[in-house]
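There is one chain below, alone, in structure tokens, taken in the form predicted on its own.
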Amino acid sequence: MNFPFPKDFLFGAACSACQIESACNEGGKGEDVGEHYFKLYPEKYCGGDPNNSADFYWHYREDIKKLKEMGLKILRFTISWSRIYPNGPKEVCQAGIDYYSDLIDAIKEAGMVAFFDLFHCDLPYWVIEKGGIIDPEFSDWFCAYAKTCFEAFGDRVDYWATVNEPSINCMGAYAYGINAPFMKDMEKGLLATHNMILTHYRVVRMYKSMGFHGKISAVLHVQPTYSLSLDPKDIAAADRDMEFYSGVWLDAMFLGRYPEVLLKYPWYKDKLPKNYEKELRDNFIPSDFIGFNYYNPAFARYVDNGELDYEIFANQELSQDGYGFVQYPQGLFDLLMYLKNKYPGVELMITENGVGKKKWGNLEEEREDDYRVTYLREHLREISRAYQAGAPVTAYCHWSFMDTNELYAGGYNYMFGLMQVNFETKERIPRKSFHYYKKVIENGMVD
């Protein structure tokens, strides 16, 4: 049995600047949060020195040549804000502009669609010093940076994302202390969320006003939440988790509002800025597509905790990868159908999906990644099923095209790449999954 894809489907791969570029002190680059906090708290980053990654900064042309050999149709990467504005909101670094301009040219020369994020977990440290995402001026700083990028690259970039996984950069950074600046204040987390959404609106409106022919949105981490029972209270609890984690961003970016079910809870509503409804209504502009990262589902049940009245559990009966994700390929099908039905007519792009396995130290054995071949096959089957069921899905970007620094979530201890990187010699060698994915792209279908 085969699972076909449309002829114009964009098979691709993704990675980010702060996870593979290295060259932290090259080309006039300024310090970003990962580089700054790694020096202070290397344990928070699992020992993953950002200056010792895959050296993509120096090897991007040969790396793109390998990706062309694989047959990729779309490449998703990021622009490092601190390479463009290294020291503050006014001084532009021409060397950074030149580097990304040449990178984009290389992508286009290889016949690939170019997809770039403006912000992917690597906030310039000067932004933190000036107040961070919760500062009233954050939107001005980000819009100036975005405008510079659009003017320099907008004629060649086909898809833009304002921000990657804002739930992590806002709630994770300000409410849960997971990443920089490591705060644990729910009110600040919701303020960062609101500021990022308003900033997203401004950037989308600016891009459209500049007359480019590409598309713009954000990349969201979306995970389907399943109820642990058929009890209506558990089902409602799962729905609330879905809205709290993902629906806040989806509804704001495509409907111009926050989910009503959350606003029924004073614990949540009272922490929002007083004029949030008017600000959303007055500034809303819809995005062009839903870009989302899918790795794992969540599982919820009802509890009376005085907040949103639910708690999350991992389902240990489902297979786990070395990274701690629950592997559930059907969740990708369910999610595509959910998005199709809730936001009808909006293009759907899977911007990340991948599997990480803990290294065991034998480089030759680690290239025989049958687990990733199986992972790819099963998730691509679900995408094909969803497409045939009417989901307007146009792209799949595997995470990642090479081994990465997983930052605070694992450093260099996990393998995510279709290409193996020897971080001592910087040698790249395609894994078995590289060749499997190449065959899928050539055939336009999954076995």
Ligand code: NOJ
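Nothing here was measured: the structure is a model prediction, and the numbers come from that model. Quick note: we count residues from 1 along the sequence shown, nothing fancier.
What comes next is about the form predicted together with this ligand, which does not appear here.
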Point to revise | One residue of D369, D122, E352, D241 in contact with this ligand, assessed in the predicted complex (non-hydrogen atom, 4.5 angstroms) | key: E352
**Study point:** Among the candidates Y338, Y176, F325, F254, the residue which, in the predicted complex, approaches this ligand to within 4.5 Å (heavy atoms)
**Key:** F325
Review point. Is the gap between E406 and this ligand in the predicted complex 4.5 Å or less for some heavy atom pair?
Key: yes
**Study point:** Exercise: Y310 in contact with this ligand in the predicted complex, heavy atom 4.5 Å
**Key:** no
Review point. Closest heavy atom of Y295 to this ligand in the predicted complex, within 4.5 Å or not?
Key: yes
Check your understanding: Can you check whether Q19 is within 4.5 Å of this ligand in the predicted complex, heavy atom basis?
Key -> yes
Review point. Check E165, W399 and F416: does every one of them have a heavy atom within 4.5 Å of this ligand in the predicted complex?
Key: yes
Review point. Pick from 105-113, 143-151, 157-165, 202-210: which stretch has non-hydrogen atoms within 4.5 Å of this ligand in the predicted complex?
Key: 157-165
